[in-house]
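Here's a solo chain for you in structure tokens, the form predicted alone.
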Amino acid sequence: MARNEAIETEQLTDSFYYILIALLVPRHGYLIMKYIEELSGGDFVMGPATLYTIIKKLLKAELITPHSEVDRKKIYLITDKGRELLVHEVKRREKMVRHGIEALEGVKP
């Protein structure tokens, strides 16, 4: 799936997913990257080019909004529309994990 189609199909890539999670509270770019790295225990690290490309797409889709600006740092926050999509995505991913567990349990080594 192309990244620009991710929002349209309501199946988020991991990068989109983590950014929306990070923006449940207001954060600027560096704090978004740092939060994602800490949340994932270092398993998911995002660079600034990826982050700001996705931020532009999330803004255009009205899933996040500019919140404020402090010391020339733009701070963003998830919108109600973004929160709804995130809730949907969490449920979708939970279902996928259940499917995987069921499949693994059904196969004997």
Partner chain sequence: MKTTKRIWYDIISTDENKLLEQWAEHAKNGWLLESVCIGYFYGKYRKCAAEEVIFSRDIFEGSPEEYQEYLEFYDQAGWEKVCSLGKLRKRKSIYPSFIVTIFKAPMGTLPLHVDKESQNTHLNKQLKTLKMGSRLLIGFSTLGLIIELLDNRFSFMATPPGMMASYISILLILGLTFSLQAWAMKQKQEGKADGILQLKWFNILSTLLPLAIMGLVQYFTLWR
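Computed from a predicted model, the values in this text were never measured in an experiment. Positions refer to the first chain, counted from 1.
Here the subject shifts to the form predicted in complex with its partner chain, a form of this protein not shown in this document.
Flag this candidate site as yes only if 17, 24 and 40 all have a heavy atom within 4.5 Å of its partner chain in the model of the complex; otherwise mark no.
-> Checked in the model of the complex: no contact with its partner chain for any of the three.
Report the residue, out of 60, 67, 73, 83, that has at least one non-hydrogen atom within 4.5 angstroms of its partner chain in the model of the complex.
-> That would be 73.
Residues within stretch 51-70 having a non-hydrogen atom within 4.5 Å of its partner chain in the model of the complex | In sequence order, 51, 52, 54, 55, 56 come within 4.5 Å of the partner.
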